[in-house]
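Below you'll find only one chain, the form predicted on its own, shown as structure tokens.
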Amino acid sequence: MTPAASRRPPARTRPKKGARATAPSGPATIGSVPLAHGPRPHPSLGVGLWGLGRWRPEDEARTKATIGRAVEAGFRWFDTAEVYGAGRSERVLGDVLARTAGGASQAYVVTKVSWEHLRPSQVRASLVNSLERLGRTSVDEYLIHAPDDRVPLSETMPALEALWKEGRIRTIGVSNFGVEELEEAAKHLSEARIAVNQLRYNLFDRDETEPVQEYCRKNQILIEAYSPLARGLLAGRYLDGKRIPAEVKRFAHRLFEPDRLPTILERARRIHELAEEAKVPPASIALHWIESRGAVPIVGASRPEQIDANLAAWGVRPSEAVLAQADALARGDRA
């Protein structure tokens, strides 16, 4: 995904806590959390479609099958953007939802305006084009994908609010915003409020996010956490010495830089060993650590079986002690 968090909601729907993790007897329930500045509860787990905008034409059938499986499995929150595949991600999502029974009406759809389109006329045109590709008259959330220093937020935010008043946007949000940018953006809204801030957030990528958490908590802004599995590391990928693709390295922030990678891999192995001891999937620890911080994770998937694996991981909640130990291991604390 792209360039969390928030308050601990009072009534979060989630798997029950226990001294030891237990597997559900049936399909996992994703649940939802309250959204202070939005008209609908926010799903607790979503599917990010960044990768599904980067497929080759011959992969489109698999891409559609992946989204279809997500709908079938009970996912409602789908996160996309106009820049993902130059609109292809939005178009395929809209097509699958339209063809799936109940898909379009039940979906919680989030898309984003590019950092290159933040002038008022561009914001409106971008949303119109996104809605056309999605086959919808409105979206649940419309986010600024990332700020652009060349375009003042005093121009962009009123443009978003005008679309909100028209009913084309149910909720206004941002992505990759720090505290100063959040404060500046909020100043230029008269009636609407910023409801979400989407940030890179996981056990290894937290230093840039945690300073934003207190502001979001105080202002009831929900953090949507992208890359919750650290490009697969926290699900056990690449721990066997398998070569890390160049594209993964390019879009993984600093995780795979030579000066940091050996340490990250060692900590990931320890978290994987912890998951084995606790008898939970490694991804369960990663996802529920985010959930325990009051944020909501967005998982990526490029194949239907990854949808099933992510949902299975969500359905098993590790104990608080396991989550605390994983937190310490990720920080490098052997104790």
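In this text, all values refer to a predicted model and were calculated from it rather than measured experimentally. Start at 1 with the first residue shown and count on from there.
Separately, the form predicted in complex with a small molecule exists; it is not shown, and the next lines address it.
The stretch among 182-190, 100-108, 256-264, 233-241 whose residues place heavy atoms within 4.5 Å of the small molecule in the model of the complex is 233-241. Contact check for Asp79, Gln198 and Ile298: all three have a heavy atom within 4.5 Å of the small molecule in the model of the complex. Proximity to the small molecule in the model of the complex, taken as a non-hydrogen atom within 4.5 angstroms, holds for one residue of Phe204, Tyr84, Phe177, Tyr142, which is Tyr84. Interface residue among Ser126, Thr171, Thr156, Ser227, judged by heavy atoms within 4.5 Å of the small molecule in the model of the complex: Ser227. In the model of the complex, at least one heavy atom of Leu49 sits within 4.5 Å of the small molecule. Remark: Lys279 does not count among the residues lining the small molecule in the model of the complex, judged by a heavy atom distance of 4.5 Å or less. Contact check for Arg269: every heavy atom lies farther than 4.5 Å from the small molecule in the model of the complex. Proximity of Asn310 to the small molecule in the model of the complex falls within the 4.5 Å heavy atom cutoff.
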